[in-house]
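Before any questions on how it binds or moves, here is one chain, the form predicted alone, in structure tokens.
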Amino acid sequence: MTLKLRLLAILCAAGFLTVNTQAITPSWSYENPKVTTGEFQVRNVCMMPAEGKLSKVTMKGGQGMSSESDNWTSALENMVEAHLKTAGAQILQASDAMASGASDEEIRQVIVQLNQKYEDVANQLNRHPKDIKKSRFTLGDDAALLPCAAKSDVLVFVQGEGQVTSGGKKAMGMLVGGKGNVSYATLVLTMADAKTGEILAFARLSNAESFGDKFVDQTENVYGKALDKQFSRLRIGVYLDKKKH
């Protein structure tokens, strides 16, 4: 054990240094009122391909986590779909040609185009999320080019962004009083009108620090309850029916 790590252990044991494991990274969401009031009903959902990006921070610097990112992407996608189904929504896939006669390559090009537009819009959403209420953001009519759009109310974008910090890096950060040396992850959920491309909802669901690195393989425990609350707020499926009474 290095001198700095030994010193850290001594400080913790003596009670001079504590870690707040209950701290919560803020989560928030913004929705267009026509969704939360039930004017716009969400029962059929077209899932865009999910994307999860993880990076690792060690004493030697940052590094990619391609394999872990792929696994996390699948976990996030499966979890969101499962909770949408539980809410009573019917799920379609953006990559499904259905009865359109479109080729796989044609659909892939549309998905790429929409993802590029979404990235541009997401930057604006992060800066001015309240403007969703003003119907300011849209992907444009290209959203309707997806075969699934004809039978869907919304397109759903699922993205994850996270940082896994090594034990040594965490210890060093605590020792010198630095910030940003904790593991964290955020699930970003966006819904767009499947016909017009208008952004109807934008949510960032962040994990508690007390979960540590568990967000990688315990997505349900980390985000499940928050997702249900979000879908209830959006009055998706069965939640729409319940709030009528």
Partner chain sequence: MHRKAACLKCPTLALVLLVMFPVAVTCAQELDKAAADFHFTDVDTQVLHDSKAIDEQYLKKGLVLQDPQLQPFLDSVGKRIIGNRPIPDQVEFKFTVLRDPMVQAFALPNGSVYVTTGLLSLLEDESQLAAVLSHETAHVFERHGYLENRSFRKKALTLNILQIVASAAPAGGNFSQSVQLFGAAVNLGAAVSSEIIVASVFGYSREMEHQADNDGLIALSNASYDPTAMARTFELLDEDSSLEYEPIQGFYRDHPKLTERRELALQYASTHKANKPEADDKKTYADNASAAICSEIQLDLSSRRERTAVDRASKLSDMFPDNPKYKVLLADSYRALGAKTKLPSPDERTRHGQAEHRKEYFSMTPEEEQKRLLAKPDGQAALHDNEATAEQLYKSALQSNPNYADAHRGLGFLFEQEGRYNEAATEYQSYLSMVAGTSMDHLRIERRLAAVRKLSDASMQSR
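Residue numbers count along the first chain shown, from 1. Computed from a prediction, not measured in an experiment: that's the story for all the values here.
Form predicted in complex with the partner chain: not shown, discussed below.
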- request: Tell me whether N32, L84 and P129, taken together, all sit within 4.5 Å of the partner chain in the predicted complex, counting heavy atoms only.
  value: no
message: Test of understanding: in the predicted complex, would S66 fall inside 4.5 Å of the partner chain by heavy atoms?
response: yes
task: State yes or no: in the predicted complex, is some non-hydrogen atom of Q93 no more than 4.5 angstroms from a non-hydrogen atom of the partner chain?
output: no
message: Test of understanding: in the predicted complex, would A144 fall inside 4.5 Å of the partner chain by heavy atoms?
response: yes
message: So in the predicted complex, is the partner chain close enough to D70 to count as touching (4.5 Å, heavy atoms)?
response: yes
statement: Taking the partner chain in the predicted complex and a 4.5 Å non-hydrogen atom cutoff, the residues of 91 to 115 making contact are A99, S100, G101, A102, E105, E106, I107, R108, Q109, V110, V112, Q113
